[in-house]
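The chain below stands alone and is given as structure tokens, in the form predicted alone.
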Amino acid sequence: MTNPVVIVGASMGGLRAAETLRKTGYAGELIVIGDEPHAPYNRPPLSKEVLAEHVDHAAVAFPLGEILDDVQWILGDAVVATNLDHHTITLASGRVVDYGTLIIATGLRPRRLDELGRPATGVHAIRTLDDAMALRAELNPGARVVVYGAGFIGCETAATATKLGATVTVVGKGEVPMLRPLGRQLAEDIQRRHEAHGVTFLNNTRIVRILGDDHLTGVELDNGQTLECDVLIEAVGSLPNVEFLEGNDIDIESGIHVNDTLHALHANGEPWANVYAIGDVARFPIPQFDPKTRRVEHWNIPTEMARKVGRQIALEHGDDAEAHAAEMAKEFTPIPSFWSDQFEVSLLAYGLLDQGEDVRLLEGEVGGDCLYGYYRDGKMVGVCGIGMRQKVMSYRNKVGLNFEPE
């Protein structure tokens, strides 16, 4: 009997890989390992509508179909080490699991600011369900909240906390929130909409010290100002979960480097025959946008990667060599997509907006529903809209092409 396919990571990417393996005909042993005690659940809503309401697993859990009934789930037991040469992984409990094929879907964790001080309570980040539950318990009416980081997570959380009755200040390192992904005009528009709801922005500013012992009392800024607060939300980026791979001959700089079939790569660029990486932890090129490798933290990417890898592995274990060869030859050229809800603003985007050197308002008006196109060298590399959902979706197949609107 061959060793099992083992998936490390029990979130959306891991779940979709398991589903695809079974649907494509893989009938062998299948093990999914997760460091959290919860069955797979949807993460993006944690900073949006779920945080604004009652937070529990049922609110975000993915349905598990009958096709997964024979999958072995190992939850609440993190992988702490891997020996890729010997095809083994070691769990925190000490258990060693052998694999025939390994799919790594370990995702990201929030970057924390421990060097600035760490009171026992009051400082939060949002990545897991338990994170959201702990934060939600402190977002009471009248709470003084500082959000450090003016990206999507920071702005979404600021909107949610404000709607719950908190007084919110966003401290951001940039000139305006979400400047790099959205461009100045749209970013400034969204900042004004936040400010109309009472959110305060301190741009071009950094936190240099977190104050308090047992509980957070405030933060000190690089301009000498001190902000008193009851809750600090750290939203200053993420780190890929790759430490368990250290000591192996694998490229894990800034994420796991994969090729166009999503095989993980040795340090010399050669692929590991039986090791794949998918989702936020994977670093890969998207040729129609940018030849450089990157991690893409957009919600559709884990699913698309999982389906490609699942089909490849299932067909490899099947009898149709021609079908397997055809699947391996397919280019992986996804169109990244994301959505964000902030007060009445409902953003939808396709492509890699940060590649746009020329940002144009294509339809609508600033301050209302609007649609922006992002261009580089005459090619549309992204589209983003507030409202106008059907219009935004109509541009999806034009992203990545030499397209000029009429």
Partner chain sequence: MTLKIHVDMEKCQHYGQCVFDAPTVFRLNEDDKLEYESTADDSERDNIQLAIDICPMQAIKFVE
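Numbering follows the first chain given and starts at 1. Please read all numbers here as calculations on a predicted model, not as lab measurements.
Here the subject shifts to the form predicted together with its partner chain, a form of this protein not shown in this document.
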property: Interface membership of Gly387, its partner chain in the predicted bound form, 4.5 Å heavy atom rule; result: yes
property: Non-hydrogen atom contact Gln191 with its partner chain in the predicted bound form at 4.5 angstroms; result: no
property: Exercise: Leu348 in contact with its partner chain in the predicted bound form, heavy atom 4.5 Å; result: yes
property: Non-hydrogen atom contact Ser337 with its partner chain in the predicted bound form at 4.5 angstroms; result: yes
property: Contact stretch among 302-310, 225-233, 164-172, 273-281 - heavy atom within 4.5 Å of its partner chain in the predicted bound form; result: 302-310
property: Residue among Glu29, Asp341, Asp358, Glu36 with a heavy atom within 4.5 Å of its partner chain in the predicted bound form; result: Asp341
property: The unique member of Asp354, Glu49, Glu363, Asp56 whose heavy atoms fall within 4.5 Å of its partner chain in the predicted bound form; result: Glu49
property: Candidate spot Ile89, Tyr99 and Ser254, all three touching its partner chain in the predicted bound form (heavy atom, 4.5 Å); result: no
property: Residues in 57-75 close to its partner chain in the predicted bound form, defined by a heavy atom within 4.5 Å, in order; result: Phe62, Pro63
